[in-house]
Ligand code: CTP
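Starting off, we have a lone chain in the form predicted on its own, written out as structure tokens.
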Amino acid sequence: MKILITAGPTREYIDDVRFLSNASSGRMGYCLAEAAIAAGHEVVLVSGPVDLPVPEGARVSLIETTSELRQSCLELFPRCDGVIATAAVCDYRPHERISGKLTKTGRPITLELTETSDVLAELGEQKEHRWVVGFALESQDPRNNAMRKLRMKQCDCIVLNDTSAISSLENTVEILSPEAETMAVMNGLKSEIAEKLIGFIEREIAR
């Protein structure tokens, strides 16, 4: 299979030096890329800014903003068999990016924020014969929020984890079906979960 994997955070710039982002390390996505290559698959990795070595054998597209992520994914997805979307997309961007660097004035400032594109929802709309595996990082009402995302983004399954996964070498995930059933529970090192998840996708999702 040829698998598109998204990983890491996106950044939305306030001015030329400051940005909004999140604490994603990208480790889960990179582990999945390595596991997929080890299983004999072709991997296209679209990655936000991370401090991780590029997986050997992966074709990599490095991006920063959500707009760049969207552009890369829409270009690459039609030539792939499926997507595993682990990227932690920045949900909001400044309505206007300031040219140069903001100078402190001693007074509060107000930022007007606009929602960014829902990249995975767009991929879900055009998936046709392809499969879509989403990730949901939730802290409140996790199952309901994960199921809402699965349906909005037309995922074939969604991998639910919580905020303890951020910057950790380990994780615990629950894979939910479109019928809200638990298809699998996996825990351990992210590298171990990645191997199990690739096997699960081969058996249950891509067949």
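Don't overthink the numbering: it's just position in the shown sequence, from 1. It should be emphasised that the depicted structure is a prediction, and the values quoted were computed from it without experimental measurement.
Another form exists, predicted in complex with the named molecule; not displayed. Remarks below refer to it.
Although the partner is absent here, residue 89 is a contact residue: one of its heavy atoms lies within 4.5 angstroms of the named molecule in the model of the complex.
The named molecule in the model of the complex comes within 4.5 Å of a heavy atom belonging to residue 136. Using a 4.5 angstroms limit between non-hydrogen atoms, residue 72 is distant from the named molecule in the model of the complex. Remark: residue 41 does not count among the residues lining the named molecule in the model of the complex, judged by a heavy atom distance of 4.5 Å or less. Look at 147 to 155, 177 to 185, 43 to 51, 25 to 33: in the model of the complex, residues with non-hydrogen atoms within 4.5 angstroms of the named molecule sit in 147 to 155.
For the partner-free chain shown, 116, 117, 118, 119, 120 of 99 to 133 come within 4.5 angstroms of the named molecule in the model of the complex, judged by any non-hydrogen atom.
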